[in-house]
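To begin, one chain is listed below as structure tokens, in the form predicted on its own.
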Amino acid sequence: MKHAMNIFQRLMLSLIAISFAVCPAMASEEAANAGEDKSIDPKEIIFDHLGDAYGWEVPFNHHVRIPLPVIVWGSKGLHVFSSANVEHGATYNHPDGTSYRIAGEDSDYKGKVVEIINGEEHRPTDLSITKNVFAVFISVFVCLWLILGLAAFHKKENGHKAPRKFTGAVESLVSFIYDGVIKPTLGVKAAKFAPYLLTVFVFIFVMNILGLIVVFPGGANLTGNIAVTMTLAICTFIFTNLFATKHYWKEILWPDVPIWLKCPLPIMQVIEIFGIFTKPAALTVRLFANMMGGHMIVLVLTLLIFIFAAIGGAAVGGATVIVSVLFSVFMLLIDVLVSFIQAYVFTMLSTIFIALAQEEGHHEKGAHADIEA
């Protein structure tokens, strides 16, 4: 443990030292560019980092991107080409006569690939492998590597030997969620829903951690994308209601309340049905807002370096580096903790929602007790 802490301390000191060396030079260059072209726009930079894109940014040089495949279904069928063909306002002219480009700032389709037909922009069906889509594939691959590696170890050892090092850490994480959250909440039905719930936890945790890494294959703000969090919440919604018991639906459609609250006006039924949809909405917004906020704070603290450099030159920028880098490193460490907490909370709430849908009436409980006896 002491050796690991020493390594961690050296790593952090190295990171801070590199930041002190690199950031003043970056600040000076950015300030010079700002003087030649235009002032720094923090809003544009922040949303450019947090948003999706057709390429993957190269660290410290956001004018260069790793190209990704653009797949669109336009007026003349399917077209596949590299995103490098439409970077920096360029237009891609296909041999069949169709033309594509990325819409500019004044367009209704800003930042999206559009087809040019008679001088007008038209949005084709976009199936492109964007930065976020590719990051999802990477996250899935990492999850499979982690879980299948653990499964392969236990298959090889037949349970006679406990895993150590990295494999042991993965098993500890899985055991913590299963024994601490899933099993106590779901009881005998834990094994039925554990595969989904453990997958959700590992998937969210991996996406959160990869989002904190600034270089490829990290840097994609997946859980700060509401479409991703909404999809995960919908999966929980499906598992909750698809496998729900008769007693759960009875309490929604005909709850045990005074008759005047449910007939002739279905007041309670409307409230209960509304509650079905508020649960996934809460899961969506909670994960999205927390992860988006964490990324935004780190970006704002980093941008302070360039803002002060543009105002007062390299000397002021260099002085600002110390405070900004220390706060940025601190927030990154907090974000690592938040990454685990948000994955844990999403899994815990999903487990609770599923458990509430597995409740049985007194008659069913008595029947199950007789069967077990």
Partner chain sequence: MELFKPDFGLVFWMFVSFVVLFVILWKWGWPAILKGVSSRADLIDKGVEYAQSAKQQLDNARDEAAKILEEARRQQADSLREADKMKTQIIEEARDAAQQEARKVMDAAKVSIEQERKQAELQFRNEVSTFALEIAGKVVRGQMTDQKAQAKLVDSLLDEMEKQN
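All figures in this text were calculated on a predicted structure; none of them were measured in a lab. Numbering follows the first chain given and starts at 1.
Missing here is the form predicted together with its partner chain; even so, the following discussion is about that form.
Is Gly294 close enough to touch its partner chain in the model of the complex, meaning at least one heavy atom pair within 4.5 Å?
Contact with its partner chain, no.
May I ask you to state whether Pro195 is within 4.5 Å of its partner chain in the model of the complex, using heavy atom distances?
Although its partner chain is absent here, Pro195 would touch it in the model of the complex, with heavy atoms inside 4.5 Å.
Evaluate Ala162 for contact with its partner chain in the model of the complex, applying a 4.5 angstroms cut-off between non-hydrogen atoms, and reply yes or no.
Yes, Ala162 is a contact residue.
Examine Ser99 and determine whether its closest non-hydrogen atom to its partner chain in the model of the complex is within 4.5 angstroms.
Close contact is absent here: in the model of the complex, Ser99 is far from its partner chain, nothing within 4.5 Å, heavy atoms only.
Can all three of Leu127, Leu150 and Val228 be found with a heavy atom no more than 4.5 Å from its partner chain in the model of the complex?
Yes, the whole candidate spot contacts its partner chain.
With its partner chain left out here, work out from 253-261, 91-99, 274-282, 195-203 which stretch has heavy atoms within 4.5 Å of it in the model of the complex.
Going through the listed ranges, the match is 195-203.
Report the residue, out of Thr185, Asn241, Asn132, Asn290, that has at least one non-hydrogen atom within 4.5 angstroms of its partner chain in the model of the complex.
Checking each option against its partner chain in the model of the complex, the one that comes within 4.5 Å is Asn132.
So which of Arg286, Lys112, Lys76, Lys189 gets a non-hydrogen atom within 4.5 Å of its partner chain in the model of the complex?
Of the candidates Arg286, Lys112, Lys76, Lys189, Lys112 is the one lying within 4.5 Å of its partner chain in the model of the complex.
In the model of the complex, which residues of 169-194 put a heavy atom within 4.5 Å of its partner chain?
If the 4.5 Å heavy-atom criterion is applied to its partner chain in the model of the complex, 169-194 yields Glu171, Val174, Tyr178, Ala194.
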